[in-house]
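Each of two forms of one protein chain follows alone as structure tokens, named structure 1 and structure 2.
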Structure 1
């Protein structure tokens, strides 16, 4: 086996000479980005310079750039020249974000505490609050009837340093929300959402979070400003109280280029 074929086997790629020029350049440019020849946030050279550097035609260089744009490595929206996407991560600190102690000390929501801890400025918009029948997956997790029960649906958009990072749709059984700010107001007061749940006798003691990924819908792409080729992370969160009863479900849709997940989990015997 030659050295070249060995390298191809290790990387899982076809030998370069068998690839179309745009794919060969895309592979080489991807390697250079991963090796920080071109650093995060840096403008790439012009297509002419890139074409000369990688030994391809200018239109081929443009096609290679589009391949890496579709992979989320390059951002060329609203710019004359493409830029290497920055690898920023706003970590969702699963072991800490729902801490009752932290909420009582700061009076802040999990998102605000989490974002500020990471040196960013949080903002949350709540464009809608409504009483609806629960979606089937929500009813199942709350242990209620999708046909007979009602929930309050609260829609929240989350920003860090004025950049949209996630959407959260919270579903609360009507029996818990009725007659409270949970059903009527974007302003939750000190302790935010989980402070109001505790007022109603539901202190969060454990959570279940189901995590998956997918490509965004057109509406999510526009609202969250998701770059081309970047997926979203879906987190279906269920809050569970001191009596082991679920009392809220929140479906988070998170930009995968900005958000990361950091969990510490105690292992069962």
Structure 2
């Protein structure tokens, strides 16, 4: 005697009743979640209760739940009872974040403004600055040699209300960074990073952003606290100056449940 409503099932799914138990169970639970029988934030019944209700072994119930988890519908942090995942508002990062005027007016970094828009407190950490050989894809985009050139690698971690949100690794040709705070200091001062590039004669004029998505590595899962069933978005950003020269590459890795991108682009004729 189940308590849920599967009366007029009309989801156009599979052969229907020939599914293996864990999948049938996952399907019904998914429907219940989508129909808000279980609401966002709500706890699911325990595995033992569910196993009983569906007439399967506890193992099997656990597997059904794991299916939903991998779809991002359910959140099983630690050993807590699984909850229906709540959809989160996304940070919407756009290209205006590079606007020179905006930067000069507010002196504030785009990440900070966007986080504050959500009433949260931004924090940016710069745990390391190194002089290294550039990775191949970076050298390529900067138009330098991966074997001969050096770059400064700046690692940045971005937080909203102390929750890790994204990582950004910035690579700067050594010729540009040498002798400046770009090569030495975590604190970029007024106008932030792009303010300093301008001091060096590189005013950001256009950008290239290459976007892709994938599942996180275990290190990223750990560091960014990415929940199960949530991908990351990679953005390889190249800053280009008034002479059409690339002067900086930043590789962002962002939790996809918190971040999105929002571009408004003029179409060249």
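Residue numbers count along the first chain shown, from 1. All figures in this text were calculated on a predicted structure; none of them were measured in a lab. So that the term is clear: the rigid core is the largest set of C-alpha atoms that superpose within 1.5 Å between two forms.
Which number, 1 or 2, marks the form predicted together with the DNA?
Form predicted together with the DNA: structure 2.
So, does residue 180 move by 2 Å or more at the CA between the two structures, with the core held fixed?
Comparing forms between the two structures, the residue 180 CA shifts below 2 Å.
Taking 2 Å as the cut-off, check whether the CA of residue 32 shifts that much or more between the two structures after a rigid core fit.
Moves: yes, 2 Å or greater.
Aligning on the core only, does the CA of residue 23 end up 2 angstroms or more away between the two structures?
Comparing the forms between the two structures, which are aligned on their rigid core, residue 23 does shift its C-alpha by 2 Å or more.
Keeping the rigid core fixed, what distance in angstrom separates the two C-alpha positions of residue 64 between the two structures?
C-alpha shift for residue 64: 3.3 Å.
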